[in-house]
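Below, in structure tokens: the form predicted alone, a single chain.
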């Protein structure tokens, strides 16, 4: 498979890199961290003005009309700078799902404003004690001509700023994907404290009103929509991890080339160079896994195993590269005046977001075993 970038993709990548390199400085990150929440509104609006918020949104809704692979290029650049902008939950989780499964009226309601940076959409994929969004405890109960929503979602990024949150619920045994205004009556927003300081919230629904206009998909269509949202989110988080670990690796290479011990740069020591080389191999393997997973939805292939592999690699690489970077930096790596600590915090959060690598390794093993049994049953003699 050819993973080389098209001219348009290179343009998107270079534009994103230019804006982020110019705007996301250490001083700016410090100022944001000292504020009320970790959201760089000015940068978000600059990305909107450059058209980058609409990179994977159809031209009918004001976007560029590119694919998920191109969006991943933007996400990787954000990861390289740990910019305080929620590109994964807004652009990958919410906007792509809405565009693929919502009605034209629903897309018109939200997507043009998102592209212009005027509103945010976000998504919820987890509940306390439940990691499978296709099996939610959150319920819709019939009430007159509509429904009342009861349940609890958590780890919802930028819920306090969002015009709508995409989430799954059940009407009896039927799965439903819906969009709800988090500031609506009978919705409680509770701040959560997370590793990176990212603005995440818990949402408690105590009879919030839902109408037909809020329903994105039901039944089998909702199963497809929620699975698609989960897969895009897992791949996008893996790509974010790629950006984070790529920068950690480069910072470590630069530091070990300059830091001298016994009159020599420590990068020339065999133990140091071997550990750095292992980290380099890890990052390149993660890049290949992410490219494979991001390309499959475009080709309409079964992306399930590739997505699992990307998430497994992302969790393992986040842990190993973070550990190696800290080890090779020595004590300066944990100094909050030195920028490495931000990338380590993001690596740890991304490693465990939507579950750690071991749970996905088990899922991959189960999928391979099931496929093997199915093939064996087909070829077995009667």
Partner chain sequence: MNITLTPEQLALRDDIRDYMARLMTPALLAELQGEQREGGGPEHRKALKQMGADGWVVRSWPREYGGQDAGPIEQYIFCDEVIRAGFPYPFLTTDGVGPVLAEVASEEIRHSVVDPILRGECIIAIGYSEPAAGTDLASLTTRAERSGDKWLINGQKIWTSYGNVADYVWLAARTDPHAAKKHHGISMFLVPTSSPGFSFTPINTLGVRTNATYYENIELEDKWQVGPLNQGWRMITEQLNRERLSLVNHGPCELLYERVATWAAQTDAGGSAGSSPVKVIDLPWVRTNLARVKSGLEILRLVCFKQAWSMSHSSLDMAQASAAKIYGSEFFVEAWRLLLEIVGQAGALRHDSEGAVLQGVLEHRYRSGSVLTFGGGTNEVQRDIVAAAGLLMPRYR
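Residue numbers count along the first chain shown, from 1. Source: prediction; values computed, not measured.
Keep in mind the form predicted together with the partner chain is missing from the figure; the text below concerns it.
Looking at residue 278, you'd find a heavy atom of it within 4.5 angstroms of the partner chain in the model of the complex. In the model of the complex, the partner chain lies within 4.5 Å of some heavy atom of residue 273.
Mapping the unseen interface onto this chain, residue 285 counts among the residues with a heavy atom inside 4.5 Å of the partner chain in the model of the complex. Interface membership of residue 176, defined by any non-hydrogen atom within 4.5 Å of the partner chain in the model of the complex, is ruled out. Note that among 222-230, 308-316, 85-93, 152-160, the stretch whose heavy atoms approach the partner chain to within 4.5 Å in the model of the complex is 308-316.
In terms of contact with the partner chain in the model of the complex, the residue from 202, 256, 126, 196 that brings a heavy atom within 4.5 Å is 256. 249 is the sole member of 249, 140, 217, 107 with a non-hydrogen atom within 4.5 Å of the partner chain in the model of the complex. Looking at 348-363, the residues that come within 4.5 Å of the partner chain in the model of the complex, counting any heavy atom, are 358, 361.
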